[in-house]
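The form predicted on its own is given below as one chain in structure tokens.
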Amino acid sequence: MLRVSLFLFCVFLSLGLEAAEVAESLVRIEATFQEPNYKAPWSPGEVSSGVGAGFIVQGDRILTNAHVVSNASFLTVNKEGDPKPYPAKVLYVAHDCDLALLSVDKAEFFNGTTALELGDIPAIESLVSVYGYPIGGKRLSVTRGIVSRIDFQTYSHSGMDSHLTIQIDAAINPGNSGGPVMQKGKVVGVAFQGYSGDVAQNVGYMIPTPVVKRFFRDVEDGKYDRYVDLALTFDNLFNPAARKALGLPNDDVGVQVGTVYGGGPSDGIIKSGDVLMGIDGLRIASDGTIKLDGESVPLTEVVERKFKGESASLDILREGSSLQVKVPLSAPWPFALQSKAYDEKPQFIVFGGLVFQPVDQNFMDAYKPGNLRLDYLFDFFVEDGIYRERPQLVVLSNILADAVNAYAKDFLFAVVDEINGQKIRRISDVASAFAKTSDYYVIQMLGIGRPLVLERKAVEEARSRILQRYGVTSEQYIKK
């Protein structure tokens, strides 16, 4: 009994010492946000505030989650035990992996602080400590949990990107986000998302250090380039009959390529039906995993650790012949359409009381249009190669009702195909079409036989009354 008590005393003593050290590097972040209003894109948006955590890393910088500082108009940071707020600014933000680096202009903020050191991936069933300010508290909070899973998960901030994630049995609450997850005095992860109590109890997730280290390396050149991707899909090869038909032995090696996205890095190099046998010298199992750093992880983890301009070496089997190919890596831009966007204004054009906008995930979340054609074009934008013909889906998103557009309701959420014969591929094409002088503007929608027609003279007469009636402060915004 005495030995057990002594052991527990030593454990709590060590945890107490760690907490004291982390407190010197922990940062409470307060952010004032201005969320874009996609239904009235000319308005500045609603103002709100939130609290998150961060911690000091090498170079007098603060590491936190991207979602803690996204759409922020003003940021302040406090050190643990110091009530004085210091203005901060975002140096780099990575929305695809939910990380951000902040700076504080006043060097005095870093007096008495220590940069935390990054560790490795913690072992399954090992104990970790989560630091932060849950539910907006102003004093340091520590929760402890056990590492229960190491896996790929979708990062909820972008809603599209999936990366290596570590699950722990400690709740991650608002205010914990961005805080360090510690083990043996080193950072083994960044707290970033969890489940509400009605979904799962005491389940939280942290961003592991391989993702953090990659983010640090990416910004070394002064800019963030985003993750690269092979831009293809693959299927497991468990079925013995399928393996035999492909000329594969029953050795649990290889996955079969499904779709190769046109315009992506693998286009013209990898073919649908190829069998991927290895990547960068690592054997690919028939479930799509590889052995890396002693763990079984998806083969995409090899690419996850690479950067724009680098390449991946793939061993493939094509029609019975073994080949080795190199895929130069870049970020496949079409996928961004289905990711949530931050820190940018919605693009739009108001003409004759008609509001035109390009579609993205933010737009779909705001409007929830329920238009079957638009839903298809959005959902299959990448898979069906729609982006090749239409880099943007431009729709009639709203109608500021007036006599000049009284008959336009049937065209709501329709995709703009042509204006006066000019093909519309981007929102900028809409602006250039309306900028050309014409007695009438004939707007042809995709899949709708009859056009929507505006008379130039009537549009000009209605312009000022529409702007005044609906409080429209700007008639267009197009990102350069």
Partner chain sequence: MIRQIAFLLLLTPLLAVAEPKSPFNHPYAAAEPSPSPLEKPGCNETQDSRVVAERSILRVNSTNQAYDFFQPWLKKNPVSRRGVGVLVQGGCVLVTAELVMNSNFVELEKATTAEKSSATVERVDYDCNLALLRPNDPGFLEGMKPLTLEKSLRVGNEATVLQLEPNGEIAETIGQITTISVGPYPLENIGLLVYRLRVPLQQRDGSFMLPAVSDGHLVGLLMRFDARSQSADLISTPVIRHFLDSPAKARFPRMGLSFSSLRDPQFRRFIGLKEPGGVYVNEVSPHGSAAEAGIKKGDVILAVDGKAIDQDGNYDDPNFGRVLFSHLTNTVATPGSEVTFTIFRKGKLIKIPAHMSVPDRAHVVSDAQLADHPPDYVVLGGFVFLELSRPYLQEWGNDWVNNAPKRLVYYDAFQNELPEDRGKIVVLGRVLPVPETLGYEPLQNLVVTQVNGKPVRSLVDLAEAAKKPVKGFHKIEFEEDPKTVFLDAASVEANQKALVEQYSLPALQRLKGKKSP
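Residue numbers count along the first chain shown, from 1. Computed from a prediction, not measured in an experiment: that's the story for all the values here.
Keep in mind that the form predicted in complex with the partner chain is missing from the display, and what follows is about it.
A residue is said to contact a partner when one of its heavy atoms sits within 4.5 Å of a partner heavy atom; residue 117 fails this definition for the partner chain in the predicted bound form, lying far away. Not displayed here, the partner chain is kept clear of residue 153 by more than 4.5 Å at the level of heavy atoms in the predicted bound form. Under a 4.5 angstroms non-hydrogen atom cutoff, the partner chain in the predicted bound form lacks residue 45 among its neighbouring residues. Using a 4.5 angstroms threshold between heavy atoms, residue 242 counts as touching the partner chain in the predicted bound form. Here is the short version: of 344, 383, 82, 365, the single residue with a heavy atom within 4.5 Å of the partner chain in the predicted bound form is 383. This chain appears without its partner; in the predicted bound form, the one residue of 74, 238, 307, 333 with a heavy atom within 4.5 Å of the partner chain is 238. Taken together, the three residues 372, 451 and 455 all lie with some non-hydrogen atom within 4.5 angstroms of the partner chain in the predicted bound form.
Between 153 to 161, 205 to 213, 227 to 235, 90 to 98, the stretch whose residues reach within 4.5 angstroms of the partner chain in the predicted bound form through a non-hydrogen atom is 227 to 235. In sequence order, 256, 258, 259, 272 are the residues of 254 to 285 having a heavy atom within 4.5 Å of the partner chain in the predicted bound form; the partner itself is omitted from this view.
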